[in-house]
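Just the one chain here, laid out as structure tokens, in the form predicted alone.
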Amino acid sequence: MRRFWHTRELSTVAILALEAIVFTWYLWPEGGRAHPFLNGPNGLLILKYSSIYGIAAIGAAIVIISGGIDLAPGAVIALTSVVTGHLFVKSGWPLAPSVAAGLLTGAAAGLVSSWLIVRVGLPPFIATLGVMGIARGVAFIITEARYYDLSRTIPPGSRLLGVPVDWVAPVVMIAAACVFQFLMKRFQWGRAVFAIGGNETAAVFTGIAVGRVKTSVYVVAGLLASVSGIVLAVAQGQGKADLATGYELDIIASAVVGGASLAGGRGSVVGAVLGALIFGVLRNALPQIPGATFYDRLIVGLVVIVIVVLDQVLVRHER
């Protein structure tokens, strides 16, 4: 059982499958009606909105593996959607430069976080909490409590680079997961991230440029959060300052449920994506159960606590 648990991708897939089976059984309709949960359009809806969490969760997992934490992805998502929407809708920029500016916004937020952590010496929790407030505040200042309507130029059913709008988020998430899983497992950079999270002092003595690696980790996390922001703006057709409010918990929870240890040094990019799908199914199915919508946050919090406790028990057992 311990061996199965340590293969976290397998255990996460098992949890996802069990969750889908339970909701399929519980929501089974009577009288031959169409199943409200087990159908193609609903499956695409789950995949579409889970991907928005999943893309940012990849960055969160990498940060957690390095021994850090990032509380800013929700605010970065919102700021990216605002910057992209402002340039695309109000300033009349073409879509590609507007998207590039949004990506630079996320990278800049990650760079500020890393500077506060690496150079100033602030704890990651405090540094990213400050960046979260700054990013959200700048988004509100730019919009002045309004929003940018992208749906006029990118209507539902349109295609971006030949990909239907509804499939943009899943395609981007799968591509990002493949790229960063490869980087984390096969490249020296990924091994350095694991080494720093496992034992930063030992990593210094082995010659790893800890400051540079940490900087790259937070920049990557900010960049992936900005990708989520662009995808969310396209999916909802809006650039708003209050988008992704509270997403921080979901993103971190996805990474943790997928196997990222808050102690650092362990985790999985693919696991973070699977964790996002677990919460995506949960968020989709609960509103279809009368009275269960109110238990949404409660269940997410309980799941995170249970997973972290189990993780800590296994770590102590190994020692």
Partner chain sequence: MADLEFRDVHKSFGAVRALGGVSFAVREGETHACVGENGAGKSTLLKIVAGILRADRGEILWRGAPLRVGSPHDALAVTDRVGRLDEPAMRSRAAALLDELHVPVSADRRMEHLSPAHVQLVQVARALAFDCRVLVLDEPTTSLTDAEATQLFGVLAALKARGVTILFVSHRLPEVFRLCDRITVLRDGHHIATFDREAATVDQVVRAMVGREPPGHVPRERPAGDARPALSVRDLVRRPRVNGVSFDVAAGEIVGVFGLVGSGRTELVETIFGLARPDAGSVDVHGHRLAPGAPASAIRSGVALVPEDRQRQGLFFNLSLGDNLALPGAALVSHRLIRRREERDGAASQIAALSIKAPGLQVTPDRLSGGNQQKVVVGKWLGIAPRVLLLDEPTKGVDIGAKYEIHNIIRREASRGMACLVASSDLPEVLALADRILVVRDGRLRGELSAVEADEERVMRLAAAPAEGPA
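Residue numbers count along the first chain shown, from 1. Owing to the predicted nature of the structure, the values given are computational and were not obtained by experimental measurement.
FYI, the form predicted together with its partner chain isn't displayed, but the following is about it.
Visitor: Flag Val179 as yes or no: does it have a non-hydrogen atom within 4.5 angstroms of any non-hydrogen atom of its partner chain in the model of the complex?
Guide: Flag for Val179 set to no.
Visitor: Is Asn199 close to its partner chain in the model of the complex, meaning a heavy atom pair under 4.5 Å apart or at it?
Guide: Residue-level check for Asn199: yes, a contact with its partner chain.
Visitor: Although its partner chain is absent from this view, report whether Phe194 comes within 4.5 Å of it in the model of the complex, heavy atoms only.
Guide: Output for Phe194 is yes: heavy atoms within 4.5 Å of its partner chain.
Visitor: With a 4.5 Å heavy atom cut-off, would you call Gly211 a contact of its partner chain in the model of the complex?
Guide: So Gly211 does not count as contacting its partner chain.
Visitor: In terms of non-hydrogen atoms within 4.5 angstroms, which of the given stretches 84-92, 167-175, 128-136, 202-210 touches its partner chain in the model of the complex?
Guide: Stretch 202-210 is the one.
Visitor: Tell me, which of Lys185, Arg146, Arg159, Arg119 has a heavy atom within 4.5 angstroms of its partner chain in the model of the complex?
Guide: Selected option: Lys185.
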